[in-house]
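Starting off, we have a lone chain in the form predicted alone, written out as structure tokens.
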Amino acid sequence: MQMPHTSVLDPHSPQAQSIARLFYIDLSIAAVIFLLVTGLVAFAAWRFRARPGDPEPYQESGVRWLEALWTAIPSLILLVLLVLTAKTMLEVNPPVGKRKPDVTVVAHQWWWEYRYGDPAAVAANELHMPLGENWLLLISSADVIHDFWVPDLGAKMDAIPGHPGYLWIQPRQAGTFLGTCAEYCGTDHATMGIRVVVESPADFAAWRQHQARAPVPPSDAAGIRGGRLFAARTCRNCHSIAGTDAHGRVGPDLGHLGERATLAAGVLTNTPDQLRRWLLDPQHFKPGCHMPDAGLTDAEARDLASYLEGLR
């Protein structure tokens, strides 16, 4: 299994490449200035050091041409950086025009919701994207200010309630890329992970078609008992599963949950045992999250985990 990428210095999209290029230019200019200033200070300290018997140094009130020079050079450097920064901003996030978003990203405390267009599909915490296609993401929030950021794939974009923003991403390498919320948004800000799965256009189309369909419920005894338990408890008030009467929007959509790699926005690996432990005590793994203790017995948690893991 390929290990996920996560490095701002390892770009895997034209947008991230533009940001990295600007960073290296800024770093190079800063390094030259640092070496020049440090060298001149060291030379002056050595060349004009005080020696026994030296007279009082000559007092100079100012050198106009030198003052003009060290004002002009920094101004020119800042102007160059301004032009390069503006150029990079335009490359990273060009005007949207009449282009409709390919996916709507909704940030929640503390998880991510992804809503695709036609065919309509909903996913949570794991964003699937086709390789090579320049996608437009609509970034919004359901509660407080969050920030969508996958370092390998592009810029940060704030998710502000009532003020959606747009972000372009064109992944150029297949694989799994990790991101996070980059704006403090409350207790579980640090556990609000992003997982982007970049796959071939054919694989993505197949995933999207599958995701748009209602999951097939498990037929084993434990899964059937878990399905009845899900319907009888308050689970459906917060969560939704296509093909059932669960249409809650407070928590993540649980359709096809068994196919996801992680639970609770990256806190746990998605296995039946880990899901059982999460159902028994979510506050232990993600203190402050909005999922309450449902008061399940261990047997009930196993049945419910069997049902949810069977949704594929």
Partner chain sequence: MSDPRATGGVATSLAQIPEYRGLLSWLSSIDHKQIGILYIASAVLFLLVGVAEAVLMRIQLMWPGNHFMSPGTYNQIFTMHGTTMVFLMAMPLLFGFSVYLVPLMIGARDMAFPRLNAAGYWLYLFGALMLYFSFMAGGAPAAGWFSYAPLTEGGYSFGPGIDYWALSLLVMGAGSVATAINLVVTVLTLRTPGMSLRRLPLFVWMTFVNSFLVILALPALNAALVMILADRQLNTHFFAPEHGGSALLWQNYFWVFGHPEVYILVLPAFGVISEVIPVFSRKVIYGYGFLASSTVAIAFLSFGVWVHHMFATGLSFAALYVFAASSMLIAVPTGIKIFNWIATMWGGSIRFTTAMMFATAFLIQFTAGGLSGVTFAAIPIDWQLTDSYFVVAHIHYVLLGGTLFGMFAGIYYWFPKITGRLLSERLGRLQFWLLVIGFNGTFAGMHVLGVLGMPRRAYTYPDRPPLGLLHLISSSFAILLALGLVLLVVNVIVSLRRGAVAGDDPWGGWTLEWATTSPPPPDNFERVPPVRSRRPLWDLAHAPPAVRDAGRAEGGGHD
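Because the structure is predicted, anything quoted here is derived from the model rather than measured. Residue numbers count along the first chain shown, from 1. In this text, rigid core is short for the largest set of C-alphas that superpose within 1.5 Å between two forms.
One more form of this protein should be noted, the form predicted in complex with its partner chain, which is absent from this view; the next part is about it.
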(request) Quick one: from 190, 120, 205, 221, grab the residue that has a heavy atom within 4.5 Å of its partner chain in the predicted complex. (result) 190
(request) Sort through 236, 156, 115, 128 and report the residue having a heavy atom within 4.5 Å of its partner chain in the predicted complex. (result) 156
(request) Considering only heavy atoms, tell me if residue 209 and its partner chain come within 4.5 Å of each other in the predicted complex. (result) no
(request) May I ask you to state whether residue 63 is within 4.5 Å of its partner chain in the predicted complex, using heavy atom distances? (result) yes
(request) Report yes if any heavy atom of residue 56 sits within 4.5 Å of a heavy atom of its partner chain in the predicted complex; otherwise report no. (result) yes
(message) Within 4.5 Å, heavy atoms only: does residue 97 come near its partner chain in the predicted complex?
(response) no
(request) Using a 4.5 Å heavy atom cut-off, indicate which stretch of 225-233, 195-203, 211-219, 86-94 touches its partner chain in the predicted complex. (result) 86-94
(request) Examine residue 44 after superposing the rigid core and state whether its CA is displaced by 2 Å or more between this form and the one not shown. (result) yes
